[in-house]
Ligand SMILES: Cc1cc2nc3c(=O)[nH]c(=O)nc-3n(C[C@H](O)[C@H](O)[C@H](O)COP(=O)(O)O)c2cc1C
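Just one chain is shown here, as structure tokens, and it is the form predicted on its own.
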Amino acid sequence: MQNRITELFKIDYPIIQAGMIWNSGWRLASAVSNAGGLGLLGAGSMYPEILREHIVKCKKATAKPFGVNVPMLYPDIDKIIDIIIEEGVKIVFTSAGNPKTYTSKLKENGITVVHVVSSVKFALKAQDAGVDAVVAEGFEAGGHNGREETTTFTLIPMVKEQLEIPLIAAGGIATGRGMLAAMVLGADAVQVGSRFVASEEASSHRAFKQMVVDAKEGDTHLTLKELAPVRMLKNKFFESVIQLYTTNPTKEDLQNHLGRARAKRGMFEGDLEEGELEIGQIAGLIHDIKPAAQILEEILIDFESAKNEVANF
């Protein structure tokens, strides 16, 4: 299954595992890469030296390409970038910031750069900044999201219409059928996040994984748009946020209510009541926790099955 993305990353299949905070450590990234996709470490939940440790362990666990996702809204980004360069990582996905900030420096060091966007406008800005590919992520996605609330099936063809570099679709994709649909709309590959949260190798807490498996349609919601829009499972903390909105809160009120390390508390430590539980709408279609390699294999089987069905229309 070769195309522009598999050639760019030197991988077997056009499937990228999203670099999600508190979920994407070296075990998950190396497992996906070993299975033929592209695994990403989630630097957003790592202090610089912790990231270095995960990079070193990932290099020992796989001889195949892997990358690092760097959300630029977190501190110590300069140190993170330096460590990535020092450790010889060859693929970096940047997000939540201006792609011009680090793209030139990364590319000067022989690194392939991809930027995550939520609109046509920012896809073109990323292309102008010199990135090698773009991830266009729809409103369905978990975690920090775009303010435009554009769905994946609307976003992908609009970006494809104007973009020249390779396009990766993200948001609401957890099956081979979803992958096929995204590629029919113009994507060269897909980035899968929520489905890999419910994997054996994800570094998140088992209780959080089980809550993802138990989730139904309508159990997630996008909120806190005044800070950084985030999609999360509805729990006690979420309900407290909704209650706070009835008081017409300021941005400072929302920030104080959110506090520090709320996502770590929920996804990594397993506090299902007071933690921030970030996951996509597609959680309603995730029914079990499996090894990452098996998840990737099932996506590929489902993709081929759907493609054969469409061929018979």
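Owing to the predicted nature of the structure, the values given are computational and were not obtained by experimental measurement. Quick note: we count residues from 1 along the sequence shown, nothing fancier.
One more form of this protein, predicted together with the named molecule, exists but is not displayed; see below.
K.L.:
Can you pick the one in 141, 187, 80, 131 that has a heavy atom within 4.5 Å of the named molecule in the predicted bound form?
P.N.:
Residue within 4.5 Å of the partner: 141.
K.L.:
The chain here is shown without the named molecule. Which stretch in 102 to 110, 119 to 127, 234 to 242, 167 to 175 comes within 4.5 angstroms of it in the predicted bound form, by heavy atom distance?
P.N.:
The contacting stretch here is 167 to 175.
K.L.:
Is residue 37 close to the named molecule in the predicted bound form, meaning a heavy atom pair under 4.5 Å apart or at it?
P.N.:
No, residue 37 stays farther than 4.5 Å from the named molecule in the predicted bound form.
K.L.:
Even though the partner isn't displayed, in the predicted bound form is residue 20 close enough to the named molecule, meaning a heavy atom within 4.5 Å?
P.N.:
It does: once the named molecule is placed as it appears in the predicted bound form, residue 20 has a heavy atom within 4.5 Å of it.
K.L.:
Are any of the heavy atoms in residue 28 no more than 4.5 Å from a heavy atom of the named molecule in the predicted bound form?
P.N.:
No, residue 28 stays farther than 4.5 Å from the named molecule in the predicted bound form.
K.L.:
Look up in the predicted bound form whether residue 198 has a non-hydrogen atom within 4.5 angstroms of the named molecule, and give yes or no.
P.N.:
No, no contact at 4.5 Å.
K.L.:
For the stretch 93 to 109, I need every residue with any heavy atom inside 4.5 Å of the named molecule in the predicted bound form, listed N to C.
P.N.:
Heavy-atom contacts within 4.5 Å come from 95 alone.
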